[in-house]
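Only one chain is given next, in structure tokens, and it is the form predicted on its own.
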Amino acid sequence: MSSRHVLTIDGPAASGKSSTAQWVARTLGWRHVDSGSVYRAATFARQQSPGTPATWTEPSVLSAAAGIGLTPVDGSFVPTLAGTPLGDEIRNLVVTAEVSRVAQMSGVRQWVNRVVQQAAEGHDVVVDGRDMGTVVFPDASLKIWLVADPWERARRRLQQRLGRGPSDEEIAAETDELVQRDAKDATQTVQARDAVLIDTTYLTQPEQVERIAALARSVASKR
């Protein structure tokens, strides 16, 4: 494998992993790899095949996802299905509702991890998502574990989704969903022992990006 720097950003759902990773990658001039987009692409691909989500099995998801890859575009990678780039369609309601269940399938996780490793080959990358610092890149140059209070994570997610300040009632409902998601993901999303924990509850995104970028520059200068 070609020598390169790998920065992993892990953490619970809605902790800001992907948006922060994108920004950090731009700041460093590295490529961003969003493993979550591969899980979503696989879920979307299965959605296009016959059968309701209740009938989905691991083999059927893997079969539907056989044509998925990651293609470098600008400073990132875009998921493709049979060579066609995927965009907003991988964020439809069915995909959002089912992607967590798909990600619990061990064979799918192993497949996604291989896709991400192959995409990162030979690049300086910022990678976010499940297993990144523990399974996929255990020897990463730097590992970050992002956390934030569930209420704040819910507020941020709704702000992004709605484009306005959410009400307390909306935040409360979203917080309940996140707490349930955390419980479901707890056995799968684990902090690497050598990861740097950053609590972003009271940090602005520019502050957290600069903190992570500074750590990455420091580590890169010593390698």
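Residue numbers here begin at 1 and follow the sequence given. This structure is a prediction, so every number in the text was calculated from the model and none was measured. What we label the rigid core is the largest C-alpha set whose atoms superpose within 1.5 Å from one form to the other.
Note that the form predicted together with ligand CDP isn't included here; everything after this is about it.
Asker: Establish, in the model of the complex, whether Lys143, Arg211 and Ala213 all lie within 4.5 Å of ligand CDP, using non-hydrogen atoms for the distance.
Answerer: The answer is no; none of Lys143, Arg211 and Ala213 reaches ligand CDP.
Asker: Using a 4.5 Å heavy atom cut-off, indicate which stretch of 81 to 89, 68 to 76, 124 to 132, 143 to 151 touches ligand CDP in the model of the complex.
Answerer: So the stretch in question is 124 to 132.
Asker: Arg26 near ligand CDP in the model of the complex, any heavy atom under 4.5 Å?
Answerer: The answer is no: Arg26 has no heavy atom within 4.5 Å of ligand CDP.
Asker: Could you tell me if Ser100 has a non-hydrogen atom within 4.5 Å of ligand CDP in the model of the complex?
Answerer: Answer yes; at least one heavy atom of Ser100 falls within 4.5 Å of ligand CDP in the model of the complex.
Asker: Hey, in the model of the complex, is Glu170 touching ligand CDP, heavy atoms inside 4.5 Å?
Answerer: No, Glu170 sits far enough from ligand CDP in the model of the complex that none of its heavy atoms falls within 4.5 Å.
Asker: Spell out, yes or no, whether the shortest heavy atom distance between Leu203 and ligand CDP in the model of the complex is within 4.5 Å.
Answerer: Because no heavy atom of Leu203 falls inside 4.5 Å of ligand CDP in the model of the complex, the answer is no.
Asker: For 4 to 19: residues with a non-hydrogen atom within 4.5 angstroms of ligand CDP in the model of the complex?
Answerer: Counting only heavy atoms within 4.5 Å of ligand CDP in the model of the complex, the contacting residues of 4 to 19 are Pro12, Ala13, Ala14, Lys17.
Asker: Rigid core aligned, does the Cα position of His123 differ by 2 Å or more between the shown form and the other one?
Answerer: No: His123 shifts by under 2 Å between the shown form and the other one.
Asker: If we fit on the core, is the Cα of Asn92 displaced 2 Å or more between the shown form and the other one?
Answerer: Yes, because once the rigid core is superposed, the C-alpha of Asn92 moves 2 Å or more between the shown form and the other one.
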